[in-house]
Structures are given as C-alpha cells and as structure tokens.
Ligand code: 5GP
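Let's start with one chain on its own, the form predicted on its own, as structure tokens.
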C-alpha cells in the first residue's frame, strides 16, 4: 500500500501547464509497464497542457504491446537526445537510475529540464527534482493512475485505462505477484469501469505468441534448464545461437523466467540471456528469498523482492560456476 504525495503534484502542476516541451522517457529494453506508463501519461498531458509532448524510449518495444493504438507516437530514433537537451520537463518512468536509459543517460543528466521520477523500484538514485517513488506499488502504471487522477480527475478515458490496465497486468503477472494487493485490485476495478475489455487485453498481451516463441519455450525447458534441488534453484540459459535458431524477436523471452517457479521444490528461478557485450541475468522467486538483494550483491543489479535483474561479464559456463561457488553458499542470508 502507498499514498501518493498530492501536495508535491500541486507544486509541479504549474510547471506542467507553463511548459513548452515535455519529454516522457522509459527504460532500455522496455517492458509492458514502461510502454504503458509512457503512453498513458503522454495522452493525459496532451489533454491538460499546450506543450509539445514527446514519448521517448531508448530502444525497440516488445511485440506483445505493438497492438497499442499510439505505438507510432513513440520516438525511438536519433531525435531523442535533442529532445532531452531542449525539454522543460522530463518525466522518468519505470526506472530509478539514469543508466537505465542506456545511451541517453548523459543527455538526461545534463538536461536543464525539471526532472520527475515516477517509479516503483527500490533505492532510487537522486538525479531528479521531483520523486514519486513507491517501491510497494505493483507497477509504475499503478502510480501513474494516481498521478493522472491527482492532476485532474477527468483526464482518464478508455484508451488511457487500457494502457494502465495493461501495465499493471504485465508487471503483476495478472495479479499473481505479492505486490498486487487490495489497492492494486481497486485501481484495476476502476479502470474497468471505463469500458475496457479485460479478456481482450489479456488475450492480446499473453495469448498472442508466435509458433517460434512457443517452440523456444519448450526447447529451453527441455534442453536448457538445470535444477539444483539442494539449493531450490532452477537456471535457464538462452544463447545467441538459440535465438537465431528460433527466429527470436524482442519480447519472446517475457515470462520465461517465471516458468520454473511452477516446479515443486524450486523457490528461485534464474534466467540468463546472452547479449552482445554481457549476460543479462533475471531473477524470480516465490517469496522465500529476496532476489533483489542477490541481484544487488552479486550482479550489480536490483529490482524487487520477488523479481530482479542484473548482468555478468563472461561466458555462461563461468556464470554457472560463479553462482555455484559464490551465490549458493550464501543463499541462507537472503531468506525473507
């Protein structure tokens, strides 16, 4: 549960109304929550201000949200640095440290714009002027819902509701995660009152995968999952070669990290994805362990108690040895 600082919003509102250029930016490798939050606030601000409003993302969006009506409004190209440089206000959505916008971090930090953080990840960096950081929130979309309502209760409409509902769904695993509390369900209920089709949204987000994606999931579970029952851990690895074999598209890896948690005796799932310069390491847990702390202490990352991520320099073989020799002996200290 959290309570939005509405007084701070009233301090910020005159700046929003007088701004000429506003940029909204989400994190690199944007997920459903980031895309949904950027687009929802983009539409709301366009209603309340005469400013030019620019929704920016550092790189491409996943396939499962490409059905959103305003996808083509997103700016994912060379215009982004100049927009950040010349903005009056920059909204930072769904990330808590500047490096999470990748190649745009220098432009973000050097911009003279008023910087506003709206996020739910713990331990935010102090790089903004206004911070709406609520780690107990289910998603950034849930915070954006309250933020929009506080700006003007009449700003919400059906399209904005669809985006916010989608962001909440994707970040809570359709309300499975512990972060989806009674407050989250109350927000979802209100969003549904705008005439959105819950079943249609769920179908488009979660039941719209390609054949290649389904075969990839099966292959990874059968061939690339190793279970360490003595440590209650499962590890799945996805290499560049496997991606090529299954014609991998951005977003095809979504939810794979959660799959081993369905196995009896597995409390932590680790999903490793090979990238050009490093390994992306994603953690999920059922709640017995705080994987945020594991990601922070061993992989220069972080996140939430049950969902976190980090990175590793080296091969998958070295990563597994590192986990076996460094992480496993210390797992008990991360028991909740």
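Numbering follows the first chain given and starts at 1. All figures in this text were calculated on a predicted structure; none of them were measured in a lab.
The protein also exists as the form predicted in complex with the ligand; that form is not presented, and the subsequent description refers to it.
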Handout entry: Partner contact for residue 149 in the predicted complex: the ligand, 4.5 angstroms, heavy atom
Key = no
Exercise for the section: Classify residue 177 as contacting or not contacting the ligand in the predicted complex by the rule of any non-hydrogen atom within 4.5 angstroms, answering yes or no. Expected result: no
Problem - the ligand contact in the predicted complex: residue 58, any heavy atom under 4.5 Å - result: no
Exercise for the section: Tell me, yes or no, whether residue 100 is in contact with the ligand in the predicted complex, where a contact means a heavy atom of each within 4.5 Å. Expected result: yes
Fill in the blank from the handout: Checking 53, 41, 270, 308 against the ligand in the predicted complex, the residue with a non-hydrogen atom inside 4.5 angstroms turns out to be 308
Handout entry: Partner contacts for 108-130, taking the ligand in the predicted complex and a 4.5 Å heavy atom cut-off
Key = 121
